[in-house]
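Starting off, we have a lone chain in the form predicted on its own, written out as structure tokens.
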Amino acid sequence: MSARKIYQEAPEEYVLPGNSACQGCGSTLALRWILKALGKRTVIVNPASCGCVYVGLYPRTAISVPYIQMAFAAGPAAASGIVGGLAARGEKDVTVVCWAGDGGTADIGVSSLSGTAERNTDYIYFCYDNEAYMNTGTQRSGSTPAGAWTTTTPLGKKENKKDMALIMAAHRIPYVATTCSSYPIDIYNKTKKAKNIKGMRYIHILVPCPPGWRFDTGLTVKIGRLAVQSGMWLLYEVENGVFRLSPPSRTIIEKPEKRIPVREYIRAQERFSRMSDEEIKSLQEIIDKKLEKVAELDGKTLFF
């Protein structure tokens, strides 16, 4: 669906201007398109994260659907309770959403998240991944990539990023997808698809963060596109266990000449400034091998 058709289909805005998000925040961009796809009959549970800051204080909240702030580890449990309460009331047209950062997903909240996936609870979990604990001071998370500066990895993180999307797919839930705030049509289409699926759905969104990643606030969309165009971040779906690449990532795998060097993505952000040329060359080799493996998975069933 084109951007023009989306605006015609969903003209209403649910993320209001004048909120307290940082300039260039990728998270608010993503949430705007998610709510356009879901509509006003949506309830959001937000574990502690940047979202708890930019939503603001009642009655001047920036999000115009019911929005519940929750303790870090309790988001999925709270969403579960709301799903049960709505079922008891016979309300079947409300979409329950958990909107959580990468710290609340990959680290503190992973236990309750896994529990709802195992029970196949009927809600959509969105992880907006800015690759660190940005709202409390840019500490490393399980989703921070190797080589990245944070306040707790001043020389660059040594460990690799946790792959939460595939971890969730291994729970054999009906729908898992990855996307990026720089691709709003992809976000909109995947969210609409998820809305019409019953059971647990999980969507993982890469959201560039200017203050945490250390780039100019006007470059948020460009940085996200560099992540996808270099293969550092892949867009795909796992529907009923079947893995399928989304067009932007399929293009760079099938046509390597359209892929940009990883160096362009790395050098565009100050958080990777400690990475040497040799380390970037090694990272490029890792990404190239990863993309070869991913190409073999396209169209295949991942888990039985």
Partner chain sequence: MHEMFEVRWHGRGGQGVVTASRILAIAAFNEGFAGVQSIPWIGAERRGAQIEAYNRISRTPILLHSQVYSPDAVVVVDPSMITRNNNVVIRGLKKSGFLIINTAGTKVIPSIRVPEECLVYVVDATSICLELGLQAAGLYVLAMPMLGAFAKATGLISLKGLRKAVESSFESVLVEKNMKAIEKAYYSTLKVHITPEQYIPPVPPSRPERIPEFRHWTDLPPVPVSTPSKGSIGKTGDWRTHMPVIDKEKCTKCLFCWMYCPEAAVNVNEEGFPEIDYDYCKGCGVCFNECPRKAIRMVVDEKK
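Residue numbers count along the first chain shown, from 1. In this text, all values refer to a predicted model and were calculated from it rather than measured experimentally.
In what follows, reference is made to the form predicted together with its partner chain, a form of this protein that is not presented.
Peer 1: Any of the heavy atoms of Arg60 lying within 4.5 Å of its partner chain in the model of the complex?
Peer 2: Arg60 belongs to the contact set for its partner chain.
Peer 1: Is there a non-hydrogen atom of Thr217 within 4.5 angstroms of a non-hydrogen atom of its partner chain in the model of the complex?
Peer 2: Thr217: yes, in contact with its partner chain in the model of the complex.
Peer 1: Give a yes/no on whether Tyr7 approaches its partner chain to within 4.5 Å in the model of the complex, heavy atoms considered.
Peer 2: Yes, Tyr7 is a contact residue.
Peer 1: In the model of the complex, does Arg32 come within 4.5 Å of its partner chain, counting heavy atoms only?
Peer 2: Yes, Arg32 sits close enough to its partner chain in the model of the complex that at least one of its heavy atoms falls within 4.5 Å.
Peer 1: For the spot marked by Ser143, Gln229 and Arg259, is every residue within 4.5 Å of its partner chain in the model of the complex through some heavy atom?
Peer 2: Not one of the three qualifies.
Peer 1: Between Thr121, Asn189, Thr153, Asn135, only one gets a heavy atom within 4.5 angstroms of its partner chain in the model of the complex; which residue is that?
Peer 2: Checked against the cut-off, the match is Asn135.
Peer 1: Between the options Ala21, Val294, Ile287, Ile280, which residue brings a heavy atom to within 4.5 Å of its partner chain in the model of the complex?
Peer 2: Of Ala21, Val294, Ile287, Ile280, the residue with a heavy atom within 4.5 Å of its partner chain in the model of the complex is Ala21.
Peer 1: With its partner chain left out here, work out from 190 to 198, 177 to 185, 72 to 80, 92 to 100 which stretch has heavy atoms within 4.5 Å of it in the model of the complex.
Peer 2: The contacting stretch here is 177 to 185.
Peer 1: Just to make sure I understand: among 111 to 128, which residues lie within 4.5 Å of its partner chain in the model of the complex, judging by heavy atoms?
Peer 2: Read in sequence order, no residue approaches its partner chain (within 4.5 Å, in the model of the complex).
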